[in-house]
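Only one chain is shown below, in structure tokens, and it's the form predicted on its own.
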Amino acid sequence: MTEVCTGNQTTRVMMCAPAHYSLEYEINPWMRLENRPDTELAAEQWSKLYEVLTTEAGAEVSLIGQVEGCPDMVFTANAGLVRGEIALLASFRHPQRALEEPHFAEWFSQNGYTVYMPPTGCRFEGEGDALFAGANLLAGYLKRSDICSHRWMAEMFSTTVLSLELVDDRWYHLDTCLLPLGDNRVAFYPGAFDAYAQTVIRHHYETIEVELDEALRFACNAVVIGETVVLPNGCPHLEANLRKLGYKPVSVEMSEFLKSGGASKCLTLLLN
């Protein structure tokens, strides 16, 4: 998600408190049933993230209740992609997460959004694989979202979509390995992309390259609100680079969500 406060506009995001968060299946390389999250600690970490976003970053948070039987519903970034009053909803690749779809659809409909689903048979996992950066929409494909969703998003939002192929299962969503920082700059981990995608990113943006050890901490899975960048802890090199460029990095402990393959950005969905 790219969240940039412009003027006096308040950034609005959706979050889902981890009332039923757990690890009940394995659908990415980070998930191991023998390494389940501590749910009490996860709740504390989520609350800290909420506090940082609302007090230090000045975001307005809208909540959706977590439904029992949907343990990954806390990762609201995957619910869809929002622009204005239009919400393009996810069609999840894995049946375990497809159970979330009607609940997110109901929330958006009840909150005044016009809701659209992807074309039949076209998988799309929301802001997990679609990030606005300046005039372009950066879109990942191959691991979770299908490239057919890129044409659909381009038509729905009348925007240019830059398609980026993901090649490493550890970075299965675009938001795990690329972080837009305003209109003309991104941080990214090159090893998550094929050579052509790396060229596209470098051609269109000023780049900060994230080191492997910090990419494995999901350094790019951060929430950007104005100059504040809320990222997982344990990423000192990216934090230093951000400070040099005038950003204010704020680190939060995300250990219990990393066990499911998510961090701060995965837990938020941009609503404006």
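Please read all numbers here as calculations on a predicted model, not as lab measurements. All residue numbers are counted from 1 along the displayed sequence.
The form predicted together with a small molecule exists for this protein as well; it is not shown, and the discussion that follows is about that form.
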Contact flag, Ala57 vs the small molecule in the model of the complex, heavy atom cut 4.5 Å
no
Applying a 4.5 Å heavy atom distance criterion, does Gly261 contact the small molecule in the model of the complex?
yes
My question is simply whether Gln66 lines the interface with the small molecule in the model of the complex - judged by any non-hydrogen atom within 4.5 Å.
no
Partner contact for Cys266 in the model of the complex: the small molecule, 4.5 angstroms, heavy atom
yes
Ile27, Met31 and Ala77 - do all three of these have some heavy atom no more than 4.5 Å from the small molecule in the model of the complex?
yes
Name the single residue among Tyr172, Phe193, Phe104, Phe188 that comes within 4.5 Å of the small molecule in the model of the complex, judging by heavy atoms.
Tyr172
The small molecule isn't shown here, but in the model of the complex, which of 194 to 202, 111 to 119, 173 to 181, 80 to 88 has heavy atoms within 4.5 Å of it?
173 to 181
